[in-house]
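Next up is one chain by itself, shown in structure tokens, the form predicted alone.
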């Protein structure tokens, strides 16, 4: 059995799209499952749209997801001379021909077809030129493109996902393989590069399905072995529309910035079209590699469910190394310029780990630790007005002030000791413990919702907690 060699081939004309990342993941999983190679080709032949910084961003995102290629990266722009030589070979074989029509002439043909309510198809006028005329035009330097001569018949291939797929060649135009400016088009470049890279399986999105018969025809014309094809289902948003950056974040880097973990996003993207055994929703890379099979890949479109992604990410946060998450949280705090801490121990990773342990059951992303737990890092400047109106009444004010004055006397600053003290104090002063807890929470966090108040006190520490309570009472 020949070696499995697959490739992911993005164009550096935009950021790495989550749809592209899903395609890369399926290629990677298939290669790992079969003991093969996962390769990367940057399709940078469009000089106006291809940008080196976008190539770097794609590579950064792939590395973050753990999708480093097994061999040196191929940059398609370096292969242009090879593409052109293959076009020349097809012309010599009589399987491609020079087409001398100007853009204006082609535009007029399209207008005529539209007027006659017909689908435009090139009329092969240049194919019918005599050899002498062709030579004359070439000698004169007349601009030309090169078109592939589509043979009669049916083009069939077995798609690993969709099964037997056939196209009537009558419906395939004699497509351009070399533009009039001398640059090769996608169809010929991808076939030549896949052949030269010894790609055994081309795994890509359904949007490429219409390209496949043209590429199969090129393989056959050149006498090259045709790779196997697998076309993956499209990814739709929750409105069952094509993923759009107007409605959703679509680049991998955006999800990283929003606080999603690489392994969680990898897991989620794997489930967009692939069904693990037992329909597991949280599955490690190792398990997925072992289970991956195209028999379990769906033909129908997959839906990008943000709630499901959030849930999967929350599951990964619960079991991730707290030290790793602490580093991510600190980086986020620095990005937001939240470094003017009222607690000098915050820069200590142990402190942040304690915050994470307290909050991890309540959050979905790394950013949530900062967004919903900002009070762990910065003392509240204001207090929830509804909460104040509801809980800071005349009855409780003097009692809470007395409670605050006694807090400093507690030496064993643990959640158990703090809870015992508060409940004893409440009973002694004939108030409900909840009345004190509500105010305590407001004074420490500025809001009315938080993790357990005694655990919160323990994590904040004695000095910071007492300072915040005194500041609250001053205000």
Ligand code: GLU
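Residue numbers count along the first chain shown, from 1. This structure is a prediction, so every number in the text was calculated from the model and none was measured.
Separately, the form predicted together with the ligand exists; it is not shown, and the next lines address it.
* Could you confirm whether residue 9 comes within 4.5 Å of the ligand in the model of the complex, counting heavy atoms only? => Judged by the heavy-atom cut-off of 4.5 Å, residue 9 is in contact with the ligand in the model of the complex.
* residue 204: heavy atom within 4.5 Å of the ligand in the model of the complex? -> Looking in the model of the complex, residue contacts with the ligand include residue 204, since a heavy atom lies within 4.5 Å.
* Report whether the minimum heavy atom distance between residue 190 and the ligand in the model of the complex is within 4.5 Å. => Yes, residue 190 sits close enough to the ligand in the model of the complex that at least one of its heavy atoms falls within 4.5 Å.
* **is_contact(residue 43, the ligand) in the model of the complex, heavy atom dist at most 4.5 Å** => Judged by the heavy-atom cut-off of 4.5 Å, residue 43 is in contact with the ligand in the model of the complex.
* Asked: Which pick from 195, 208, 360, 285 sits with a heavy atom within 4.5 Å of the ligand in the model of the complex?
  -> Spelling it out, the residue with a heavy atom inside the cut-off is 208.
* Asked: Which of these residues, 97, 186, 375, 351, gets a heavy atom within 4.5 Å of the ligand in the model of the complex?
  -> Residue within 4.5 Å of the partner: 186.
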